[in-house]
Structure formats: C-alpha cells, structure tokens
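A single chain comes next, written as structure tokens; it is the form predicted alone.
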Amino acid sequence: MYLNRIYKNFHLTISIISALLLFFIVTLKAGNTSTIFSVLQDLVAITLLFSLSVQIKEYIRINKISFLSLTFAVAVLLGILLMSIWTAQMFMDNLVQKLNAELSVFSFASNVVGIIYFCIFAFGLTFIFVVLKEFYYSKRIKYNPIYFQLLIAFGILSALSFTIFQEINQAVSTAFMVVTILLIVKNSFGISWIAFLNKKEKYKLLLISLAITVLASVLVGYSADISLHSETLKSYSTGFNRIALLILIYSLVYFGVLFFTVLFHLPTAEAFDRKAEEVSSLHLFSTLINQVIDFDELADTITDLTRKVSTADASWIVMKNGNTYETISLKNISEKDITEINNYLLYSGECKNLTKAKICSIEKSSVKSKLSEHLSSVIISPLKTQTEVKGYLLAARKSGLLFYDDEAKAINAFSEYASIALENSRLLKESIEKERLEKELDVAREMQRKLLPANDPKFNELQISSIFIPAFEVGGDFFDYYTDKENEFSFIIGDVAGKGISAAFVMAEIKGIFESLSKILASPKEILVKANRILSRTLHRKNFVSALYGKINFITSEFEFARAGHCPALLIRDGEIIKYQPKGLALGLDYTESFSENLDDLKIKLRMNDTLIFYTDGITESKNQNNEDFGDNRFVETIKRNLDKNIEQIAREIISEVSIFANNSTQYDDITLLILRWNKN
C-alpha cells in the first residue's frame, strides 16, 4: 500500500528526498569547499527542480488555469520571494556563517531554516519557469521546441560550469550564460497568446506585466554574487543560484516584452473584440437555427447580440402586422422612442424597399427633439425571407456617435441569420400549435363517437336507419334514442353551434339533460322547454343548440315532435314528400317565456310505410369546389329518386349524392341522417 502511494506520488517523493539530501549534505559538509560536494549539490538541486516542474505542470493542466491567472500567480510569487528576502535579511548574516561552520547544534538549526528558505525559492522559481514554458508553447502557429530545449540545456551547462570552474576560470560559464541570455531574448518574442484576450483582459495584463517587470528587476539585483541572499542559496547549490538568476532574467525580459506588446495591441483591441463578438454571435446563430427555441426568447437573444455586435446603446425588432409594425423585442429603449423612430423611418417611406442595412442619422432630423434619449444614429436592416420583408432589426447610438460602414455590413449579415432563425422559430411555433389542435380534435372525435348510439334499436313496428359522418374539425351533431317507456320510442337529433372540443363538451351535457328529461316528461315541447331552462345556467351566451325531439306511440301509431330551430322533418307518404317545420327557437337563444310561446308541438297519425327523415345542415350545406351548397332542392330530388327503396338504401344514396357533389372539397360540418319507416297499419 505504501509502495503504491509512493508510486502515485513519485515526483513528490523525489522532491522530498532531494530536499532532505541537500539538508544532510550541507550538514555533513560543514564548510567544506570541495568541488565534488558542490557538483553533487547541484545535481540534487537540479533533480529537485525537475520533480517540482513536473508536478506544477500537471497541476496547471488539470485545473486549466487561464493565461491571465498564471500571470497574476507569477506576480504574487515574485512578491512573496521578495518579502522572504527582506524578512530573512534580519538574520541572514549569522545564518550564512553557521551554515558554513563545523557541525554543531547551531549549524543544524541554521540548516533547518536555510533549507526552508531554499525550498521556497526552488518552488517559486520553478513555478515561474513552468509558466514561461507554457506561454512559449501556447497558441503558436508552428511547433518549434528546439529553442526552448536549447535554453534549458545551456542554462544547466551554465549552472554546472559555474560550480566546476568557479575556482579556475569563469570564462566557460560566462560563455554559456551569454548564450542562455540570447536564447531568453529570442524566446521572449513572438507572444501570440495575447491576441486571444479581450480589451479588459489586456488592460489587466498590462498592469500585471509591469508589476512583474519591476519585481523581477529588484530580485535580479538581490541575486548578485555579493548579496547575502545569493550566498545563502549558494550554500545549498552554487548552480541553483545561477539558474535562479537566469529564471529571473527570463521573467524580466519576457514580461518586459509582454508589457510593450500589450501596449501596442491596445488601440486595436476594441476592433478585435467586436470582430470576435461578431464571429461568436454568428456561430451562436448557426446553432440557434437548428435548435428548438421559443420565439420571444429568440427575439430577446437577437436584440442582446445586436447591441454587442454593433456596440449600440439600444436595439429592437419590429415585425409587419398588416400595414403596421409590431415591436416584439426591445433593449434599453422606451416604446415611445421606438414609435417616434418607426414613424420617421418606416411610415414616412424613408426606408421603403430597403434590401440591406442602412445607416440613418437623426441628429438633425425633426424626430430628435421628440425622443426621451439622446439617440443620434440608427442602423436599420430588413428581416426578410426569400420573397418578403417580414420586419426590421434596428440599433441606435447616443452621444453623437455615428455607425460605420463595416458595422452596417456586420448588422446586415447578422440580420440575415436572424431572419432564418426567426422564421424557423415561427414555423416551429405554428407546427406545435397545429399538433396541439390535432390532438384536441382527436379527443373531441373520441368524445363524440362515445356519445352517439353504437347501434340502431330494433322494433316490429318501426325500422330505423342512421348515418353519422364527422367533419375534420368535429362539429356538434348528435342524436340519441330513448326506449325506457313501454310501447314508446323517443329520439333527439341536434346540432351544437361551434366546433372542436368545446362543442363536444356541450354535446355531453345535452345528452345527459335529454336522457334525464325523457324519463320524467312526456311532451316533446315540455322536454325542450325544460332543457332550455337548464342550459340557461351553463351554456355560454355565444353558444346555442338546434334540436328536434320526437316520440312514436306504438299503440296509437301517433308521431309527436317539437323543433327548436332545427332542420324541418320530412314525411314520405304515397310517393309525396311533405315538409313539417313547426315554429321554434334554438336552445340557448332565449331563456324567457317567449321561448315556450314560440315553440309548437306537432302530431302526425302514421300510416303503413310512412317514412320520416330527419337530418342536420351538414347535408344541405355541403359545398363543392365552386363553394355552392348542396341545398334543399338537391336533397329532396335525391329522396324522390329513391322512394321505392328500403331506408338503408335511401340513406346510402343520399350520402353518395352529397359526396359526389362535394367531390374533393373539405367537409367542414358533421353530417347526420336519421330515417324511420312505420310498418303498422
């Protein structure tokens, strides 16, 4: 288990071992100036730096630290290192003397403090070096690691040669150091990653790089050979002191170059930010076009992005609604100002037949004084489909700033994407609404089907045939049979004004009312009057119901019915067709006593083979492609041609004639046909 942990933290283990080795070497060395000891210390120090760099690099990779945050971290670390030097100066002199003294309690204690001091600088400078390496390799067009690898190689050679030849000849070490510094200068140019920062980030980077340059300059001074700080580091590794100096020089040069590079980038930063925003917005639009998104939410997104892309103070969208324009989204502008600008640009003909974005100055126009905000310039761009301008996208600026041509081009491209996205969203909205209506119609059809009788009843004295054909939008036709009373058959046929699920609900209510009333009342007129009274409590004032209620007494052969605004009843007797249309208002039109006063009961004594026909206006008002009605005359003539047939054949012939007449026209209303034939003398 411990071996596994050591393996997982291999580089951390190496770092700890390296630091401990340095501690013991310095303790045992006890002031010995042997070159072998010094080279050994350098090798251990380089191992420590390498293991630390691997861990730091992995930490940066995992946490995906931004460039700006890394730069800030470098500044903080340099500050900490400088504070460490200032703090240690109070006891640095005694510390160095005891570090190089013979082994004792005091030298041991000084060594503990000294190794901590050394490790602080080892960690801080390694972190800075790893950051510089990240910056060197980031966002480069060409991968060219050779110069950085040479920098590392010559840096190590410079450190080792400084240790080996410090007592003989420093020319070799100096030569390596000069080459290293030249490579530092070479690697400090070509900083490409700052191009990906926005204007605000560049301002921050400018300040941070200036601070780093100053801090690095001070630290380079403290790393000179004669300083106490430098002597302390040399006690643990002479080569490390040279490496620390090179890293600080690298920081000084790199961030100095970075400071001036950022400074030169600032004038173009705003334009770059705007172009980046344009590209980002167009990319977002390409995504939105293929997404399911609410129309209003999309319009708000477009106005938001328009402000960013054009750096405008306000933006809004107007869509055509007949001969007027309706504002569907606005940002940072009042409805009153929009109305004034619309009147000036759209209704005055100023932007008539506009095909691309146009810049309009309102600085000297009459509309300027009517605005609550000091808007001075407006860009207007059409939102168009392939053949039609659907609306306009507008953006406005304050404070006398005018829009430029490149901004107009950007808004023009932007509005083309916006047009597609809005049109897709509108079509999607219509599709969803259509799907919702179709589901509602399915529910209404199912309700209507369940409310109608499944089969026609069978009697010896009476034949019954019925046909019901629902319309696409579901009308309100209904019929029902009542056979609870002995020797009597009753029925209702009606039509609820309206369509869809609301008509189906009224049908359900009426079915229950008539089913209850047919059991307690005998007269068709009384039943209709009572039903009208009940409906006064629930039926909406815009709704009404036409109905015909009839009953046949099998003993007396008497047919009695009343008609509440419904189609007339037809009686076929001895080859003649007799129309019966007693007066009566539709249910729901009048809830006063006049409803009863204007409703007549009619009784007919039936003879053998008498045929009664009841129907709804879905038959007579069926339309053909010329928008002509099937009409009463065609209906009666169809019946006359089929008088000698049984009632099922008569019903089929009527429906066939209606279908042929309507041809491929859409059926907008239900068709209900009920035929009775009396078989008793």
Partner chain sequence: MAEFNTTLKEQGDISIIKLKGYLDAHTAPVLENKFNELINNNKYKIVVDFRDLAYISSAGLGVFMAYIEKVRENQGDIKLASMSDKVYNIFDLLGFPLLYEIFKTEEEAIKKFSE
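Numbering follows the first chain given and starts at 1. In this text, all values refer to a predicted model and were calculated from it rather than measured experimentally.
If you look for the form predicted together with its partner chain, you will not find it shown, but the lines that follow are about it.
Contact with its partner chain in the predicted bound form, defined as any heavy atom within 4.5 Å, is confined among 530 to 538, 559 to 567, 453 to 461, 358 to 366 to 559 to 567. For the marked spot (Ser280, Thr327 and Tyr344), a heavy atom within 4.5 Å of its partner chain in the predicted bound form is absent from each of the three residues.
Taking the partner from the other structure, its partner chain in the predicted bound form has a heavy atom within 4.5 Å of a heavy atom of Gly584.
Within 4.5 Å of some heavy atom of its partner chain in the predicted bound form lies at least one heavy atom of Asn627. Using a 4.5 Å cutoff between non-hydrogen atoms, Leu160 does not count as a contact of its partner chain in the predicted bound form. Using a 4.5 angstroms threshold between heavy atoms, Lys499 counts as touching its partner chain in the predicted bound form. Distance criterion of 4.5 Å from any heavy atom to its partner chain in the predicted bound form singles out Ser546 from the list Ser310, Ser546, Ser415, Thr232.
Of the listed positions (Asp480, Asp590, Glu509, Glu340), a single one reaches within 4.5 angstroms of its partner chain by any non-hydrogen atom in the predicted bound form, namely Asp590. In the predicted bound form, just one residue of 664 to 680 lies within 4.5 Å of its partner chain by at least one heavy atom: Tyr668.
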